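The chain below stands alone and is given as C-alpha cells, in the form predicted on its own.
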C-alpha cells in the first residue's frame, strides 16, 4: 500500500500530523469545547423551515456575498458595525485561513503566544507562512509588556491573539490587545471564539476597531450558539481589510443551506445564548471543586477549564474514558482540559476525577 511518504507532497508538510481530537462515542464528551446543551426545539423547527426553503433553490448558486447573513451578524455584534465590516466562512478556522492566505504566505510570518490554539501553526504551515511562537507570563497570562516585547522582537506580518486563550482559557485584557494593535506594523487578529463565555461587562476587541484598519476580530457560532456542526465563523474589521479576503476565498464558499441555518440561529440569538450563564456556573463549579481536590485550575473566561497538578495525564485520561467520560490531553505536561457541560455532565466528571485527586484523600483505582 502506498504511504504518504511515497507521494510528492510539499517538503514542509512531510512528517506533520493533521489536526484532530479523539472522536469516540461516549456518554459524556467534554473534550472539544462544544456547547453540550441542545438547540431549543422551537428554534430548531424554525431553522429546519429556513433550510427546507433554501433546498428549493439549490439549483442556483447561493448569494456569493451573503449580504443578508453579514447584516444579521453585524446586528448581533452591535458596536455600530454594518455588513461591509463583516466576513464569514465555514467555521472560524476558514476565516483564519483566509487571513493567512491574504496577508501571510512565503517570506511572511505570523506570531502567536504558546501554548495557544494548535490550528494556528497548522494554518501557517498550510499557507507557507512562517510560524513564530513567543512565551507567556506565569499562569499562562499575557501582559501588554510581554506581548509588545515579542511583537517588537519578531516584527511579524500577522499577530494572532486568542482572547480568551485556548487551551488555557486565560482571559486577555483589552489593554494588552490595544497595546499590540498599536505596536504591530501588520495585521492583528483577535480570536474571540469563546468571548460570549467571558464575565459580563468584559470589553471586546470590537471596541478598538475604529481607526485601526489592520485590526480584525474573529468570532464563531460553534461555541456559545451550540452550532458547531453548522460550521459558521465570522469576523469584523475594516471594509478594505475584508476586501482582501475576497481575493483568496473560493467562489460561493458559503452554501445556501449554511446561510439559511445561520440566519435562523441569529434570529433567535437570545434563546440560543440562554444557556451561557449556566455554562459559566458549571465552569466555576469545576474550578472550585478541582481546587478542593488538590488540582490547579487556571483562570478561565471560556467554556472550559485547564488544570494542572496531574501526575500522570494519560492514566487519568484513560481512567475517565473507561467510565464513559472523554476530556482532552493538550500536550502540556501535568495538565488536562475539560469542557464545562451540563450540570449532569459536570457531576459525572467531578465524581470520576475525585479518585485521581492529588491531595491524597482519594487515589485512582488500579
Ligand SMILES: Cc1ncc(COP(=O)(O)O)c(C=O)c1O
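Residue numbers count along the first chain shown, from 1. In this text the structure is predicted, and so the values were computed from the model without any measurement.
Keep in mind the form predicted together with the named molecule is missing from the figure; the text below concerns it.
Q. Are any of the heavy atoms in residue 222 no more than 4.5 Å from a heavy atom of the named molecule in the predicted bound form?
A. The answer is yes: residue 222 has a heavy atom within 4.5 Å of the named molecule.
Q. Within a 4.5 Å heavy atom cut-off, is residue 91 in contact with the named molecule in the predicted bound form?
A. Although the named molecule is absent here, residue 91 would touch it in the predicted bound form, with heavy atoms inside 4.5 Å.
Q.
Just checking whether residue 120 would be counted as a contact of the named molecule in the predicted bound form - the rule being heavy atoms within 4.5 angstroms.
A. Looking in the predicted bound form, residue contacts with the named molecule include residue 120, since a heavy atom lies within 4.5 Å.
Q) Taking heavy atoms only, is residue 259 within 4.5 angstroms of the named molecule in the predicted bound form? A) Taking the distances in the predicted bound form, the answer for residue 259 is no, it never comes within 4.5 Å of the named molecule.
(Q) To test your reading of this chain, name the stretch in 238-246, 196-204, 161-169, 74-82 whose heavy atoms come within 4.5 Å of the named molecule in the predicted bound form. (A) Heavy atoms within 4.5 Å of the named molecule in the predicted bound form occur in 161-169.
Q. With the named molecule left out of view, which of 231, 108, 296, 280 would have a heavy atom within 4.5 Å of it in the predicted bound form?
A. Flagged contact: 231.
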